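Below you'll find only one chain, the form predicted on its own, shown as C-alpha cells.
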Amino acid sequence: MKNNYENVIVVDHPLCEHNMSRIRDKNAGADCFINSLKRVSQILIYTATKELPLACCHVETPVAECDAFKINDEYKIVFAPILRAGLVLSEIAKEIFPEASIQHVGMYRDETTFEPVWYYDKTPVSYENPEKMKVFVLDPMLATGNSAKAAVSLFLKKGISIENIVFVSVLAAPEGLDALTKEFSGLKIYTAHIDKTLNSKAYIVPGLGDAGDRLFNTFEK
C-alpha cells in the first residue's frame, strides 16, 4: 500500500521483503517464523535509531590518537516493548544497544471492545530528566492502534516530548496508522509494511496472524 503519512517511514529493504514472505506463510515452522521476524526486527531497529544524538570523543587506537563519535551519554535510551509480542523486538534492541534500558509495558486486547487492558508497567513513576530521553515503543503489530496510543500516552504523561518518542512495528494497518498519527501528529513511526485493512476481529489483513501466539506457540486447540 502507498505510504501517504508524513511521519511514517516504511523501511524499504530486500531482506525485509524476503523475511516478510516467510513470517506471513502460515506453514512456516516456529523456528523459521521466529528467526525471520528477528531479522526484520534488526533492520527496523537499525533504521529507527539512525537519528540518535552523537557526541565527539577522543580515543587512542593501537596506532594513534583520533577523534571518534559515540552515542551522546547525556541521553537515556529506552526500548519499551509492549508485552508480549514486543519482546522479540526488545531482544534484538538489547543485542544492538546493550547500554539501553528495557522498560516493559504489558497490556492485552479485550476481544470484544478491542481496547487495551493494562496488567504490567515496568516504567518508573517519574523520570529525572525527561527532556534527555529517547524512547522507542516496540510492537510487531499496529492493528487498531489502541495499545500503541496507550503506550505512547504513558511516556507523554511522564514528561517525554513526542519528538523524543518513536514507534516501531513490523506490520501496520491503515486503521492503526490513522489512529496513531491523528492522536500524535509529531510521532515518528517505523514499519516494514503497510497492509490493506483490518478484518472483523481486528486482525491485520493479509497480516501474519497473531504474532504472540506464533512466537510462543500458544494456539488454542
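Residue numbers run from 1 along the displayed sequence. Treat the numbers as computed from the prediction; the structure is a model and nothing was measured.
We do not show the form predicted together with a small molecule, though everything after this point is about it.
For this session: Just one of 72-80, 98-106, 137-145, 116-124 has residues with a heavy atom within 4.5 Å of the small molecule in the predicted bound form, so point it out.
Result: In the other structure, the partner sits against 137-145.
Problem set entry | 4.5 angstroms heavy atom contact with the small molecule in the predicted bound form for residue 15 | No - in the predicted bound form, heavy atoms of residue 15 and the small molecule never come within 4.5 Å of each other.
For this session: Would you please decide whether residue 202 lies within 4.5 angstroms of the small molecule in the predicted bound form, comparing each non-hydrogen atom pair?
Result: Answer yes; at least one heavy atom of residue 202 falls within 4.5 Å of the small molecule in the predicted bound form.
For this session: Decide whether residue 23 counts as a contact residue for the small molecule in the predicted bound form under a heavy atom distance cut-off of 4.5 Å.
Result: Outside the cut-off, so no.
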